[in-house]
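Below you'll find only one chain, the form predicted alone, shown as structure tokens.
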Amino acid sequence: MEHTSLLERILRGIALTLVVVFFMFPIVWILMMSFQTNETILRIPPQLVFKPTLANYTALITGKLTTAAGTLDIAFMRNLWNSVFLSVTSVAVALLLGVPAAYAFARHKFRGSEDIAFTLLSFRFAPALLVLLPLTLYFQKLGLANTYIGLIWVYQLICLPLILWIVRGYFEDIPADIEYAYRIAGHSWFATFRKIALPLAGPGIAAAGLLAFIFAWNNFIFALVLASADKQPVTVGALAFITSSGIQYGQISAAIVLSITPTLALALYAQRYLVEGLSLGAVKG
């Protein structure tokens, strides 16, 4: 039995190591590429031992990209700031609107409530190209084209349905008797929502907000069509590294590292809330 148990632990360790290596290899490879020049990256066969350089990160931070055709001005740091501003603001607006709406759908059933909730959810799964043409026409008429307000409004198609449906499930898992007892004590429904429902669903709300932030950060098509270069996020700004003199793989790799760092740091910081929030409702009773 001891030999069998030891063999199982060894095989499990080997399997876990292979899984980690398989999924982490692309990230590690991109990280290595970010410290190499284009000449080193394009060598055949690839070299694992190389002289690292910070030129790629320097080009991103200073906004000066040196190519064979000359020096180009890039606005990566502005694109990075745009991503932070658009994602944080969009999630904040979605939480402000979606959490009370989720509570209303969970606690107050009325005629057509399920149809309304499903219609809002359908916005999340509708192809972006389906709504881009009418959105572009409406934005031009309303003066919202190439504005932060317009982009934040469009990002609600990504964040609001996600937060609404996820948080609604957490509110439904909270026993209604707790809220009824608080209401009987003479408190208003808003006080019940603020002091009872919100704290109990807090981990779930944090998990929904984190997932919405990641989806908003990764959006590409809306910002590509509806915003100019000075308001585009990093997902669109990365196209600047495809130049007439070639593809700047080193700068692209450095841009990927810098662009995933905020979401990775946020996920690591909020992982406790994410795990706790996603596990809410897993055990009933």
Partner chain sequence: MASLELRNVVKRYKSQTVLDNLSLSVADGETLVLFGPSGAGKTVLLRLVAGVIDPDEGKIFIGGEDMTDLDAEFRGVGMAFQNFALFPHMTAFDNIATPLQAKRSSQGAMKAGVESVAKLLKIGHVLSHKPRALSNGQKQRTALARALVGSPPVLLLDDPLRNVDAKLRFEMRLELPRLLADRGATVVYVTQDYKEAMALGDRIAVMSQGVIKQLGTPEQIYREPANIEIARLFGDPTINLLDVKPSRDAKGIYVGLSNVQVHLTGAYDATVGRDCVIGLRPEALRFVDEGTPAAIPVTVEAETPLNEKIVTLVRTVRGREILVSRPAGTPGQTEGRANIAVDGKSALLFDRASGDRIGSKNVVNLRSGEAA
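Positions refer to the first chain, counted from 1. As the structure is a computational prediction, the values presented were derived from the model and not from experiment.
In what follows, reference is made to the form predicted together with its partner chain, a form of this protein that is not presented.
Just one of 200, 104, 131, 120 comes within 4.5 Å of its partner chain in the predicted complex, counting any heavy atom, and that one is 200. Of the listed positions (149, 142, 178, 116), a single one reaches within 4.5 angstroms of its partner chain by any non-hydrogen atom in the predicted complex, namely 178. Contact annotation for residue 214: none of its heavy atoms lies within 4.5 Å of its partner chain in the predicted complex.
At a distance threshold of 4.5 angstroms between non-hydrogen atoms, residue 188 is in contact with its partner chain in the predicted complex. In the predicted complex, its partner chain sits beyond 4.5 Å of every heavy atom of residue 137. Its partner chain in the predicted complex is not approached by residue 92, whose heavy atoms all lie more than 4.5 angstroms from it.
The stretch from 191 to 199, 156 to 164, 71 to 79, 121 to 129 that comes within 4.5 Å of its partner chain in the predicted complex, counting heavy atoms only, is 191 to 199.
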